[in-house]
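In the form predicted alone, a lone chain appears below as structure tokens.
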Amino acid sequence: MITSKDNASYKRVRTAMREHRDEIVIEGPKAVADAIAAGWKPIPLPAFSPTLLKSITDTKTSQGVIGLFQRPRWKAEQIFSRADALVVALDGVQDPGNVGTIVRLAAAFDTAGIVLLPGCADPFGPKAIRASAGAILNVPIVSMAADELLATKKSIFVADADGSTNDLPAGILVLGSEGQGVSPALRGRAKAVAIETSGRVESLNVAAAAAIFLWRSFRRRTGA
């Protein structure tokens, strides 16, 4: 049993939690079991002492169970191959809780996947993983630059208060940060879509807006 913070395995897990580049950490017995059931291969680790494990875990609900996994890698063609699907592109969405929630919504409303444009929080960080409530296990996610996204030749829609309130067809829905919005390079090539509201608030949280847009698209694509 590992008891020292100088141990290489302890440092490996801490690095994965902090950087989540090639390896990621999932906390909690159900989350770890779900990851394995989804086909993720855990990286073997020695047992940690309770004190050491407590110093690693990011939440109070891990129940003393963590799993170390290789970070999944997807290819853009795996997302854009579905002609009748909606893809969500996040442009500078920096809050990991919002990113994780949108991953969950992407699974709930059967989007083809998520594209991360520059400036986004990492969906494989601990807070985003928790916010996804397990959806991170089966939603394809890729990183792209704006010009790469435009090169897909897909219809692009961007949230804008002055846009159309018609239902969304298939294509790419770009959601920007609440502070900066969608970058001009994408906004200039996109069709604006809006959510009709009472006008009593200036804007919606990006995850709340995503829920409405994705439900609208799902309803149109499925005839529900």
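Residue indices: 1-based, along the sequence shown. All figures in this text were calculated on a predicted structure; none of them were measured in a lab.
Keep in mind that the form predicted together with another copy of the chain is not shown, yet the notes after this line are about it.
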*Would Val115 sit within 4.5 Å of another copy of the chain in the predicted complex, counting heavy atoms only?*
no
*Wondering, does Glu19 line up within 4.5 Å of another copy of the chain in the predicted complex on heavy atoms?*
no
*asked:* Ala170 versus another copy of the chain, in the predicted complex: is there a non-hydrogen atom within 4.5 Å?
replied: no
*May I ask you to check whether Arg104 falls inside a 4.5 Å heavy atom distance of another copy of the chain in the predicted complex?*
yes
*With the partner removed from view, which of 44-52, 189-197, 155-163, 64-72 is the stretch that lies within 4.5 Å of another copy of the chain in the predicted complex, judged by heavy atom distances?*
189-197
*Indicate whether the candidate residues Ala108, Val139 and Arg219 are all in contact with another copy of the chain in the predicted complex, with contact defined as any heavy atom within 4.5 Å.*
yes
*For the stretch 205-221, which residues lie within 4.5 Å of another copy of the chain in the predicted complex by non-hydrogen atom distance?*
Asn205, Ala208, Ala211, Ile212, Trp215, Arg216, Phe218, Arg219
